[in-house]
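Just the one chain here, the form predicted alone, laid out as structure tokens.
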């Protein structure tokens, strides 16, 4: 039978169709697999990159900084490297004014500026919050300072809406220690200039480490020392200028360590103020003084009025009025025998709060003295605004008066102004006979200083003055 040629051709095509279809599917599946594989590889790379970066600043994250920094230092042993750490003082203000997004934008700006400043084989990362760290190369200390100045300038210029202040600490890598320890040492240097309005950077040195170790030692023993009664209220007499007889005293804290005996206040007061332990010490001394005054009354002795120091940190505590009244009420001590001393610095920090607090303390029956008058920058203006009862002139004024006639004129005018404002005047730090003679020629009310007596334990004070 004859088959039509067209039919044969059709059957031939149909016969090959399954093979064409199979080849098509193989090619299509291969292309799809390749596309998905490319997307997968890209995503893995992206995820890896994201995992290595800090989500806010865009710099490498901290874990990778430590790994890469260690590798760079190890690989380039002939290079001199330093760890530079800095933070943005009062960064919280940026968050308060511009919100979290505003703060994050600032951190992104900092990250971008650091990326532009560091060179090859150098690193930058955000440590935490607003603290950044860099690993940089250098030849001289001046090069490091120059680099810091560029960082400081560029970051300030890149965010002009806020007056930024950066604080830097530098650790020059001179020994084979962990990156964590290097960063700690840079942090120690940075913290050493915190609050310094003149210096904004410091190099780590062994003296700083000794100071940190000393601070840790103090902090590790301060609570147990308080519980053991090692802190003691000493009294320093205040003498009348006219009669040269004792009329009052100031209570000062002393630390009687069983091993070291008396630890100088300069070794711990600043530490206590930094960690707020000074608040507990203040209250402890207030209680000792109230007990002492009550004992004098029970014995039938007329008490000498005693000045109680209120530390700047404590005065800023909004519960200060309650705390001092609680102590006085606990011992039922007559307020006429107590005087509260505040420093000029706390007034300058918040004038309105200071005035309101002093007014309330006055209402409750307390007298207020301003200690260290003249140690700040707005002293004369304060006299007109503050409702204080006693002005204690800083010993630096007296030193100036001893050395020049101009100094004598200044101190006479300060005393005269204070008297016109109905304030008592106490001159501190009097140590020489000629200083006493000079003050006798003024309207100064009381003298306090080593010329008459050093601070002494209460028992010694009682033996001498009762």
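Quick caveat, the model's predicted, so the values are computed rather than measured. Numbering follows the first chain given and starts at 1.
The same protein also exists as the form predicted together with a small molecule; that form is not shown, yet it is the one meant from here on.
Quick one: in the predicted complex, does every one of 89, 130 and 185 get a heavy atom within 4.5 Å of the small molecule? Checking in the predicted complex: none of 89, 130 and 185 is within 4.5 Å of the small molecule.
Name the stretch, out of 208 to 216, 222 to 230, 164 to 172, 247 to 255, where some heavy atom lies within 4.5 Å of the small molecule in the predicted complex. Result of the contact check: 247 to 255.
Would residue 431 sit within 4.5 Å of the small molecule in the predicted complex, counting heavy atoms only? Close contact exists here: in the predicted complex, residue 431 approaches the small molecule to within 4.5 Å, heavy atoms only.
Please run the contact check for residue 145 against the small molecule in the predicted complex: heavy atoms, 4.5 angstroms, yes or no? Close contact is absent here: in the predicted complex, residue 145 is far from the small molecule, nothing within 4.5 Å, heavy atoms only.
Is there a heavy atom of residue 395 lying 4.5 Å or less from a heavy atom of the small molecule in the predicted complex? Yes, contact at 4.5 Å.
Counting only non-hydrogen atoms and a 4.5 angstroms cut-off, does residue 241 reach the small molecule in the predicted complex? No.
Go through 125, 278, 338, 155 and name the one with a heavy atom inside 4.5 Å of the small molecule in the predicted complex. Looking at the other structure, the residue within range turns out to be 278.
Just to confirm, with a 4.5 Å cut-off on non-hydrogen atoms, which of 354, 82, 285, 361 contacts the small molecule in the predicted complex? Comparing distances to the small molecule in the predicted complex, the residue within 4.5 Å is 285.
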